[in-house]
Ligand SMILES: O=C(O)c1ccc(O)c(O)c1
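Below you'll find only one chain, the form predicted on its own, shown as structure tokens.
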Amino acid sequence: MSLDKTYKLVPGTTIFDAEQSAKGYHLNQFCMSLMTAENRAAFLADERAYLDAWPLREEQKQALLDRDLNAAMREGGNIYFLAKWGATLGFSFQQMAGSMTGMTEEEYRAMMVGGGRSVEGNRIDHAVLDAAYTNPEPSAEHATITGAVFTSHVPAIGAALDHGKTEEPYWQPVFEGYAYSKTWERENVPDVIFLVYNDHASAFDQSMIPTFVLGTGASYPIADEGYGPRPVPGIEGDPDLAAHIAHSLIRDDFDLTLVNEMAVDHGLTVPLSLMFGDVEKWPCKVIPFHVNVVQYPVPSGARCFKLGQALRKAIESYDRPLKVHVWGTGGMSHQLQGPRAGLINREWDNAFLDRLIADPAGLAEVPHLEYVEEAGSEGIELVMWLIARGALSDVDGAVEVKHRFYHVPASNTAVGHLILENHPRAEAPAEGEN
């Protein structure tokens, strides 16, 4: 099922969507560099040399050197970014707009004084619209969610891995709980992991606090959290699938922050290490999805569960035969601050796992107060597991529990872990096979 992009048929109009954004990323970042007097002077002194210092395609460079804004727009430029370039060259907005219409600045100004360009004759040709979008053939292939992984992402687990402590008596029971998981993951390597986690004041500080962040970039470096970056591979993203997911989720009224560049911390890397071990390169692409669970208000369990359901729709509408895992990370019960620091609630944690398997919709209605009171202030991270759970096929299929593990403690935290395989109706396991 293709996403609705009928806006591309509006004549004389280039809509800056995720596809255009990816195409013009470095072009638009070049424009942003001109927001300092020093860079403007350097650009004006030698335009070609300045442009050559950026990873721009030759077509993008030539569009700027030719002062051809229409070509720059085709190459992914956005008018608000290109305005920085125009201002550096001394162009007014009317000069820039006029140049794209074939008018002089004076002719364009006169048109605007006369009331502007009429919409008559500038609407979509509906014969073209009908031919292109009436009863489109569904794609024969599409992406599928083959499984979900749920796991704690305790930073001390990463430190134990990185410093060779996995066989120490304290840590051995933790890593033993992931022995099956590594085997299962090797046998079920996806093409892409959609990994839900929370940043821990590494990529985002109090200057910007986004609720949902979708990583749409091509790669992500490992964050330095104060001890140096973990010695693990960087992350390869999937910009095409991420752009598709962004389009679908936002059209379904989930407000996302889209990020092309960010460092990722232990919230993302520890789960990868637990499931894949010590590798030179992660065996699949990863789309990071950050959820704010640090500063209130944080999204409700119900909102996260619904987001997961919309995510499933988004992934299954992607017309490439990819196998996708959705991972929910964080938790379980733990409190890292105040006189209650060290709080663990085994009974509540295991009831959470029971309901996550058998009654996720009911679990999604648990209020924030219960998480904080029963699972500790940082136990609220568990709402992120509901995104991964919502993405599975219970409505018209089945889920199969492959592995469940719980242990106390790992540093300050109870560790929980669950693997669920996804079976849409057409491939649900036969009765008695679970």
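Numbering starts at 1 and follows the sequence shown. Values in this document were obtained by computation on a predicted structure and should not be read as measured data.
The same protein also exists as the form predicted together with the named molecule; that form is not shown, yet it is the one meant from here on.
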**Request:** Name the residue from Pro190, Pro155, Gly98, Gly237 that puts a heavy atom within 4.5 Å of the named molecule in the predicted bound form.
**Result:** Pro155
**Item:** Heavy atom within 4.5 Å of the named molecule in the predicted bound form - residue from His200, Lys313, Arg346, Lys182
**Value:** His200
**Asked** Any chance all of His266, His334 and Asn412 sit within 4.5 Å of the named molecule in the predicted bound form, going by non-hydrogen atoms?
**Response** yes
**Fill in**
Only one of 87-95, 351-359, 70-78, 334-342 has residues with a heavy atom within 4.5 Å of the named molecule in the predicted bound form, and that stretch is 334-342
**Stretch 105-120: residues contacting the named molecule in the predicted bound form, 4.5 Å heavy atom cut-off** = none
